[in-house]
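Below, in structure tokens: the form predicted alone, a single chain.
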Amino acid sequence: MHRILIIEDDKVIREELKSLLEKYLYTVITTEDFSDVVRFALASNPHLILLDLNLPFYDGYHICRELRRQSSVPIIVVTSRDSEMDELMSMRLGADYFVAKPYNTQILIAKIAALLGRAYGQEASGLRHFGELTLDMGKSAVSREGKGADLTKNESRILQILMESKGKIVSRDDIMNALWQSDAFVDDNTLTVNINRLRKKLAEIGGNGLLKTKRGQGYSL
């Protein structure tokens, strides 16, 4: 799951962006403390940053320049400052895209997906791989050695979380918290049902035993 950091001091805009991104299943990081936002951004290790220019303490130009000195993380400047000079300055300081407010939300989402695709390759296209398993997030389907199975939205998200954890144990609480951040919330009993159905579908395509239960700890692949 790709993490996107929003550096925006306007609470209304920040929450609108957060809600929009979560609908597209991104994990969103925000902050209300802008006194040392460069350090916070680097510590958060996001896959992409949405950066406003008009900020307290240090403006977006300074933040963009400092981030570029220490990181190659993709940066999209999203700002109400829409002059050609603002765009030119942003690009010269290392921003990948410049988006002026008010913006078309679908165009912004498309730019984010395109930038993630260039930066991280196939992961951003909606495909996830783990061993012989391939998960197509766009189609909510999993395949293995030519055999495929359709998944529900919850099953697809759970499998995505487990695949991206690369064999590590993921607790029930972490899975439910991840689902809660999207519009696919499940409670404890529903999670058990979804896990069992997902395990059965994996078995149907030759992946019997792939989804492991670690009693008292959680699940892993």
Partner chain sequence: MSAADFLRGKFLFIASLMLTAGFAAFLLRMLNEGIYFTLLLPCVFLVGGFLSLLPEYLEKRAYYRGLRETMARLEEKRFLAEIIRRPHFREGEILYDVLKSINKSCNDELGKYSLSSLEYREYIELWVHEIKTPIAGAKLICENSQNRAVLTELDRIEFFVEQALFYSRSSNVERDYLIKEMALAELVRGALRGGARYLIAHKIKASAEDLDYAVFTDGKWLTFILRQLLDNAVKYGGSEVRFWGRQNAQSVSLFLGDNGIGIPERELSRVFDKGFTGENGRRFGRATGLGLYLCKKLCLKLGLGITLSSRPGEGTVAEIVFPKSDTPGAGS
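Here the rigid core means the biggest group of C-alpha atoms that line up within 1.5 Å when the two forms are laid on top of each other. Residue numbers count along the first chain shown, from 1. As the structure is a prediction and not an experimental result, all values here were calculated from the model.
There is another form of the same protein, the form predicted together with its partner chain; it is not shown, and what comes next is about it.
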Of the candidate stretches 127 to 135, 69 to 77, 100 to 108, 140 to 148, the one with residues having heavy atoms within 4.5 Å of its partner chain in the predicted complex is 100 to 108
Give a yes/no on whether Lys23 approaches its partner chain to within 4.5 Å in the predicted complex, heavy atoms considered. yes
(Q) Check Asp174 for me: does it contact its partner chain in the predicted complex (non-hydrogen atoms, 4.5 angstroms)? (A) yes
request  = Could you confirm whether Asp10 comes within 4.5 Å of its partner chain in the predicted complex, counting heavy atoms only?
outcome  = yes
Is Ile169 part of the interface with its partner chain in the predicted complex - any heavy atom within 4.5 Å?
yes
* Residues Asp33, Asp36 and Leu115 all lining its partner chain in the predicted complex, heavy atom within 4.5 Å -> no
Q: Return yes or no for Thr192: a CA shift of at least 2 Å between the shown form and the other one, with the rigid core superposed?
A: yes
For a quick test of reading the superposition: does Arg68 move by 2 Å or more at the CA between the shown form and the other one, rigid core aligned? no
Checked in the predicted complex: CA of Val170 to CA of Ile49 differs by 3 Å or more, atoms lying farther
Distance flag for Ala43 and Ile169 (Cα, change 3 Å or more) in the predicted complex: the two residues are farther
